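Read the single chain below, which is given as structure tokens and is the form predicted on its own.
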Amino acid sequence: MSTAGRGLHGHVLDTLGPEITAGEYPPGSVLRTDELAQRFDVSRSVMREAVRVLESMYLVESRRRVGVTVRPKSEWNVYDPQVIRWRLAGADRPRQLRSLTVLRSAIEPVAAGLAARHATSEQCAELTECALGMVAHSRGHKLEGYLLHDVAFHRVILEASGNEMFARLGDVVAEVLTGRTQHDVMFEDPDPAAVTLHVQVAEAVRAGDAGRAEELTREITVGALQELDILAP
């Protein structure tokens, strides 16, 4: 498909996706593609491409003689980064952030413990670099720079665990961290204690101390939940 074609169906998705995840089209709603094509002023082929993307996320399904039907929320691919992004942009943000942060608290401490056992020297060096980058951007309202290093830090932890399932959650964690920053569910400067904990996790992984790496990472996730109690009750 041409760049223009991708741009058009992307424009449709940027509006229709958030509307579906926000509940403006409740489960069971039938979307008429011809009506939507008129609404967005796009061709039916562009509209069909947008529907195919929504189907791949299990947000909708196409039925003969019925049309495009919105699926129940229980069937959505809630791990899809785009679905996460759309949900975080809506009114359901506090519950979604809490759900994802609880997921992190269940996975990341274990991943950090595994990383202490399996991380390569290159991954240890990368983890330290990320932690120091977080320190460097933790003051002076440099949240965007801080975010880049924070996302990279947690990706390395998940990948260094040696568990392919954990590694695939890197995009999910990235969306949580990005959503917190973009939607102002962060303090103007990160919590100094949390920044220090990231440095200590990097040290524990490098030292091969699995128990300490897991314990420190659990402190990070507990702190993230406590921040949500304040910023997104």
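It should be emphasised that the depicted structure is a prediction, and the values quoted were computed from it without experimental measurement. When you see a residue number, it is the position in the sequence shown, counting from 1.
The protein also exists as the form predicted in complex with another copy of the chain; that form is not presented, and the subsequent description refers to it.
Q. If contact means any heavy atom within 4.5 Å, which of 85 to 93, 132 to 140, 119 to 127, 145 to 153 contacts another copy of the chain in the predicted complex?
A. Result for this chain: 85 to 93.
Judged by heavy atoms and a 4.5 Å cut-off, are Pro81, Leu114 and Met165 together in contact with another copy of the chain in the predicted complex? So, yes: the whole triplet contacts another copy of the chain.
(message) Against another copy of the chain in the predicted complex, would Ala160 count as a contact residue? Criterion: heavy atoms within 4.5 Å.
(response) So Ala160 does not count as contacting another copy of the chain.
message: Against another copy of the chain in the predicted complex, would Tyr58 count as a contact residue? Criterion: heavy atoms within 4.5 Å.
response: The answer is yes: Tyr58 has a heavy atom within 4.5 Å of another copy of the chain.
Exercise. Find out whether any non-hydrogen atom of Arg212 is located within 4.5 angstroms of another copy of the chain in the predicted complex, and reply yes or no.
Key: Result no; Arg212 lies far from another copy of the chain in the predicted complex.
Quick one: does Val53 come within 4.5 Å of another copy of the chain in the predicted complex, counting heavy atoms only?
Yes.
| task | Using the arrangement in the predicted complex, list in sequence order the residues of 65 to 83 with any heavy atom within 4.5 angstroms of another copy of the chain. | result | Those in contact are Arg71, Lys73, Ser74, Glu75, Trp76, Asn77, Val78, Tyr79, Asp80, Pro81, Gln82.
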